[in-house]
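Shown below, as structure tokens, is a lone chain in the form predicted on its own; questions about how it binds or moves come after it.
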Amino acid sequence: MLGFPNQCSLVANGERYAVADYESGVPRWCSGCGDHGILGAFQRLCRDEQLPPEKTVFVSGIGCSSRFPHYMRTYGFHGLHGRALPVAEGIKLRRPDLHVFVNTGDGDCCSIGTAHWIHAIRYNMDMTVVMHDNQIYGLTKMQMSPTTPKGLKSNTSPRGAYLDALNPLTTTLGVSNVSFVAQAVDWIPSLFQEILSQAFHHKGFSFIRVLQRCPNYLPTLFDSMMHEPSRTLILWHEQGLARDPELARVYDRQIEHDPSDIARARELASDLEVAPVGILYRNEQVPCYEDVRRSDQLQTPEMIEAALNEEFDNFTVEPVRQAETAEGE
């Protein structure tokens, strides 16, 4: 486990947690990387919701985005490539009282982790999942990812990507038991903050795709979208994002979209010329897997310790048994 100090740092005497209480280490992302803004949004969310660090867990796989647990002063688990979701599911199933967050990248989630991603949507466990989509493998130096646009040249596609990119939104919206799907962009932080807050309060598997800049390998990828506000479609609704008149001065393409309309959500997600930003779909009625599988009784510390000791005993080498074996020989 990463991120949480050896000694508990509970806030006492009625004091509140500040953003600094969730900061850990100095992020090693490149200057201008969209991950910095996403990290700040999570730290503000923890501050706003006053989440106890010892009750909060960040889980990741492998990639630039997956360094997240190192920079959050909470519990964390930096897992294997593509395996963030099953680790998070195991944590939530055993400890449903914890706040579980997952940070994954387009390669981590949509390539080696695809099977886990699909089934995690179907399980609909209560956790918030953010997919950092910079459309390239950044940590391993510019290899093509499943979301790389067709024709884009990379170290593994020197003549350009041959296939159309995978669409994480339509894929997620096509899986049974889907309950929350949203999209954000890292250069409109106020909208991402609101989307993240609503995802956190949703009971179920909340999936947010964030279009995230990579200034090192694809510095101009999102330039047209950033410099042409008409390519961004803001979705607002009384059950989604509130309409922001100030934001409308720049982003004048705004429509009312009912998040309960999955057919319309799929239609909006399929439009590759315009990026819909907001809550695409929400269904509060989908049951969570941990509620279906577990009993109503939470595991006490004593029960957890007993279970661990029982499991450890299966691998214990007893010195007495070794001596008896030696005498027998």
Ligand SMILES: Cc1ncc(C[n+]2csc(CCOP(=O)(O)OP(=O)(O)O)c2C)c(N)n1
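A residue's number is simply how far along the shown sequence it sits, counting from 1. The model shown is predicted, which means the values in this text are computed figures rather than measured ones.
What comes next is about the form predicted together with this ligand, which is not displayed.
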Study note, to complete from the structure: Answer key, this ligand contact in the predicted complex at 4.5 Å (heavy atoms) among A88, V130, I136, M72: the residue is I136
Exercise for review: With this ligand left out of view, choose which of T140, S197, S190, N177 has a non-hydrogen atom within 4.5 angstroms of it in the predicted complex.
Suggested key: T140
Review point. Among 265-273, 58-66, 42-50, 278-286, which stretch sits within 4.5 Å of this ligand in the predicted complex, heavy atoms only?
Key: 58-66
Practice item. Using a 4.5 Å heavy atom cut-off, state whether I112 contacts this ligand in the predicted complex. Key: yes
Check your understanding: Might H81 be said to contact this ligand in the predicted complex, defining contact as any heavy atom within 4.5 Å?
Key -> yes
Review point. If you look in the predicted complex, which residues in 86-125 sit within 4.5 Å of this ligand (heavy atoms)?
Key: G105, D106, G107, D108, I112
